[in-house]
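Take a look at this one chain, the form predicted alone, written out in structure tokens.
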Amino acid sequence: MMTFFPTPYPDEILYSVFARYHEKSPNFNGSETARDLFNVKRIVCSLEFPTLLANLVRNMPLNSPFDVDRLILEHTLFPYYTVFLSLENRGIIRRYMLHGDVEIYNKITGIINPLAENKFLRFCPKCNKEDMERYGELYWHRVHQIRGIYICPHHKIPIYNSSVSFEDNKYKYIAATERNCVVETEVVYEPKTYEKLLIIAEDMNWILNNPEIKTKIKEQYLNQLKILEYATVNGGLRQKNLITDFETFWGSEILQMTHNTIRKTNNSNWLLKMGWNKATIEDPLKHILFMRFLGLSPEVLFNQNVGYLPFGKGPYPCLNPVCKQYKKHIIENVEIKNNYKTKSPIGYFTCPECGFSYLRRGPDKSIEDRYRYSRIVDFGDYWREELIRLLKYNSVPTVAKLMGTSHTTVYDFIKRLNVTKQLNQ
């Protein structure tokens, strides 16, 4: 059992806590520290998914306030990388982090991009300055170690590589110091690039600290794709428009920096999979790129239902001019179908009181659209009865005007309903 264990600082990654323990202990090398922490002679230091945490907690001093889940949630990148995983796969990775007795390679290949692996431990100069003033020492922040992050979300300045190569120090615990965290060349991004990198960084930080999804992500995406007309009512993707607009939105520089370029020759590239019901993408960075392109933030995506309402929310008005409910919002539901030519939505509305049914090609562009129809589907019994009644006392032009229809339609009904005979009786 250890006689002491450093209290983790806010957002400190566990590797950093181990490194501070190593610095304060009399140990000469990483093996001795690994023995203290995990009861093993040697272990590869993992930044993203440290393992044998059950051993670590057992070795902590008595009355330590930390348990395994608190360490995982507050001091590892597990919350960020696993947010889009199934509960089962999340559980497997958690078990690996506790005991290291399961293979997680297949579970993490989809959530960490190998091309974006950080070669060095990273830092923000302003975070370091504040940490030194507040705590008297530096530490490695976990948010700065996320793959694909370039900006500190707290200070909105670039993140820099330290001189600590993770590849060259797999078995060592090296704490952040003023000597290994030096800004040799100041990084300045173009304003447009900076703005996009900042959005990505802030979303990464938000997800890291709010890893709970209360909605059905696939439905959310599909509804937003329909709203933006990148998908048909039936869910078919307009692939060419989607890919072209996505690349224009982010630009080639951002997609290359985040290692998420689109292979146009591949009909199953990751961007298209985002919109497919049966495909699964688990890399959080890809989700950030996709949701922002669709105009969604993680707060909305995770917590608020995105509804596809091409005709707005009901109830909808009856548009039968002779109905007592004319222009009153009495129709509760709309049936939405797909135009087989344009793939745009068509709404079918039926008044429950008079039976008048109409369709409108959508989506609606303004509130005034609610009071127009593209075609009448069924006039309904009430309309027909009213037509016969009015014809007894009015001319066809007058009736057409009162019924909100054309002379031709009135004459057609006179013929079809044999109204002349009824009127003569």
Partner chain sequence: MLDLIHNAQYKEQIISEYKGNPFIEALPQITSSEEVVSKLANFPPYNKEERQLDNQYRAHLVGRLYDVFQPLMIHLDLESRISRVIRQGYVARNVLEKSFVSNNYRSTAGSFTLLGVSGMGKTTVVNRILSMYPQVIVHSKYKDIPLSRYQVVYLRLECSYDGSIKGLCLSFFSKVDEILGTDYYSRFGSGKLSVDNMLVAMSNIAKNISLGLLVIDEIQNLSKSKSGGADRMLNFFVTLVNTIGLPVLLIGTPEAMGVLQGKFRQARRGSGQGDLVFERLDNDINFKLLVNAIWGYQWTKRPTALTDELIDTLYDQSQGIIDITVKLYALAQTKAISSGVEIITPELIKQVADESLRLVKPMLNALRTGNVMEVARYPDIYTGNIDISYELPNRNRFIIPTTSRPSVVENNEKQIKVKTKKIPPSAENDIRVMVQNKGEGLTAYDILKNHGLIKGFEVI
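Residue numbers count along the first chain shown, from 1. What you see is a predicted model; the values in this text were computed from it and never measured.
There is another form of this protein, the form predicted in complex with the partner chain, and it is not shown here; the text below is about that form.
Peer 1: If we define contact as a non-hydrogen atom of the residue within 4.5 angstroms of the partner, is Gly236 a contact of the partner chain in the predicted bound form?
Peer 2: It does not: once the partner chain is placed as it appears in the predicted bound form, Gly236 has no heavy atom within 4.5 Å of it.
Peer 1: In the predicted bound form, does Phe66 come within 4.5 Å of the partner chain, counting heavy atoms only?
Peer 2: Phe66: yes, in contact with the partner chain in the predicted bound form.
Peer 1: Residue-level question: is Glu32 within 4.5 Å of the partner chain in the predicted bound form, judged on heavy atoms?
Peer 2: It does: once the partner chain is placed as it appears in the predicted bound form, Glu32 has a heavy atom within 4.5 Å of it.
Peer 1: Test of understanding: in the predicted bound form, would Phe28 fall inside 4.5 Å of the partner chain by heavy atoms?
Peer 2: Because a heavy atom of Phe28 falls inside 4.5 Å of the partner chain in the predicted bound form, the answer is yes.
Peer 1: So which stretch, 32-40, 354-362, 392-400, 375-383, is the one near the partner chain in the predicted bound form (non-hydrogen atoms, 4.5 Å)?
Peer 2: Among the candidates, contact is made by 32-40.
Peer 1: Work out which of Glu247, Glu202, Glu137, Glu117 lies within 4.5 Å of the partner chain in the predicted bound form, going by heavy atoms.
Peer 2: Checking each option against the partner chain in the predicted bound form, the one that comes within 4.5 Å is Glu137.
Peer 1: Glu335, Glu133, Glu184, Glu299: which sits within 4.5 Å of the partner chain in the predicted bound form by any heavy atom?
Peer 2: Spelling it out, the residue with a heavy atom inside the cut-off is Glu133.
Peer 1: When you measure heavy atoms, are Thr7, Lys24 and Pro61 every one within 4.5 angstroms of the partner chain in the predicted bound form?
Peer 2: Each of the three qualifies.
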